[in-house]
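One chain is shown next in structure tokens, namely the form predicted alone.
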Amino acid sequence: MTATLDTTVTDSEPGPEETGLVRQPQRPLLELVPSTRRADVQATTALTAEQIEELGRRLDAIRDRVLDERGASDAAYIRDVIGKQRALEIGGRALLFAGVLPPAWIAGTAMLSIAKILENMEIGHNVMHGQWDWMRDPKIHSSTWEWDNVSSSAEWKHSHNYLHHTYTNVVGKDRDVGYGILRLSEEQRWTPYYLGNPLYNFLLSLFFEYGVALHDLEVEKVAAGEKSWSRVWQQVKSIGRKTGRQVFKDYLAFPALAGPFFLPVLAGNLTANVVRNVWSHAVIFCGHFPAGAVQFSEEQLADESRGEWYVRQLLGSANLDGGRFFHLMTGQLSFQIEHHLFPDLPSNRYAEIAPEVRSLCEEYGLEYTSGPLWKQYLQVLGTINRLALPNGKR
């Protein structure tokens, strides 16, 4: 179930670090091959500086319009999703108590898996982006929400909302490029360690929530003298507390309540967590690393304008094709392009504005990368396997 940390809500909108709309200098996090790319985002397109800024103003207009239109229907949407998610979780856990019967175990595990996916992706991820802060509901607010995940909300909001959304696909700054263990860019210097790329990716998909939590530690900065061990220890303790609560809830408390059916409940809870991890991993990787998603060098951030920031989000993200239920199950991250352009807009609005964004891309000659999940995941796997080798160039 969802718990809240604090019921005090301010009257201000979420800060720029929470929404990912600001940029400040950060040190490189990976050993990189010296870049030969031109030092601006404009170099990745055929647009003039004036066209880029014009595009930025038109995208700003879309964002401002949606912000002005937010209202009762949006609030009803998120409350309805939260209600259905909790009903699925309660129903799934109840069915698992009869999990000695195969149909009950399958149905209960499926319901719990869907509930965990919805809680993490459509609810937790988007609430912590501040998408629903305008409602002034202390139970659905980025300052109070704590999700069913081993990453604490505070640490995640810094690493994801700020670092990832500010430095999207910038090799050496965006920690999501490789999560500290994978080689996902030709600019990352190859070492024999990366021969294990396919294995590391497989393990990361199974334990994705732990991979996300641990990559926030930034232990390489300790060796460089940029971060203290005391700070790392604080983060480790936070991860330990969240992990302990999840282990107790899913692997001890609920199985124990089932009495003689301890093992079926334990297996169902474990399966649901793995399903959630594998699904989240696939959706997120397909939104950032398929063919067509552009990576950037640190030099290209020099004096980056608002319009150039928008162009970098457009080119560095990719959408997934599907129907309404599919989009819901991805947390609307199947509209990854729109999410990266407007991370603080209500997620239910992404499908509405996607045709406008696609039309703008066509008008300005920019690639709008989109495709089915299976195809883009195969492309991601191909990149991971290719970059495991020292000569893994396209």
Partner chain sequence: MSALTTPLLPEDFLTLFDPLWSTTSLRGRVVARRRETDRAVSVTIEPGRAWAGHRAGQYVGIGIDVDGVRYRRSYSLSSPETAEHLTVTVQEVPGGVVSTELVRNVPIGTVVELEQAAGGFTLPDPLPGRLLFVTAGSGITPVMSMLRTLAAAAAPMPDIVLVHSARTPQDTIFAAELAGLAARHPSLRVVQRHSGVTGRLDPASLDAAVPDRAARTVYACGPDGLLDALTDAWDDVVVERFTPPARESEGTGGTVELGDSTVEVQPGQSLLEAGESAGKIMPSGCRMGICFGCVLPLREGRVRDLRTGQAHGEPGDLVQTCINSACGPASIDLP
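Numbering follows the first chain given and starts at 1. Computed from a prediction, not measured in an experiment: that's the story for all the values here.
If you look for the form predicted together with the partner chain, you will not find it shown, but the lines that follow are about it.
Enquirer: May I ask you to state whether residue 199 is within 4.5 Å of the partner chain in the predicted bound form, using heavy atom distances?
Expert: Contact with the partner chain, no.
Enquirer: With the partner left out here, check for me: in the predicted bound form, does some heavy atom of residue 63 sit within 4.5 Å of the partner chain?
Expert: Although the partner chain is absent here, residue 63 would stay clear of it in the predicted bound form, with no heavy atoms inside 4.5 Å.
Enquirer: Does residue 358 reach the partner chain in the predicted bound form if we count a contact as any heavy atom within 4.5 Å?
Expert: Residue 358: no, not in contact with the partner chain in the predicted bound form.
Enquirer: Though only this chain appears here, would residue 282 touch the partner chain in the predicted bound form if you measure heavy atom gaps against 4.5 Å?
Expert: It does not: once the partner chain is placed as it appears in the predicted bound form, residue 282 has no heavy atom within 4.5 Å of it.
Enquirer: Heavy atom within 4.5 Å of the partner chain in the predicted bound form: which of 190, 134, 251, 105 fits that? Just give me the one.
Expert: Contact check passes for 134.
Enquirer: With the partner chain left out of view, choose which of 90, 302, 222, 101 has a non-hydrogen atom within 4.5 angstroms of it in the predicted bound form.
Expert: Selected residue: 90.
Enquirer: Among 270 to 278, 214 to 222, 302 to 310, 252 to 260, mark the stretch whose residues have heavy atoms within 4.5 Å of the partner chain in the predicted bound form.
Expert: Selected range: 252 to 260.
Enquirer: Heavy atom within 4.5 Å of the partner chain in the predicted bound form: which residues of 68 to 102 qualify?
Expert: 70, 71, 72, 75, 79, 83, 86, 87, 89, 90 sit within 4.5 Å of the partner.
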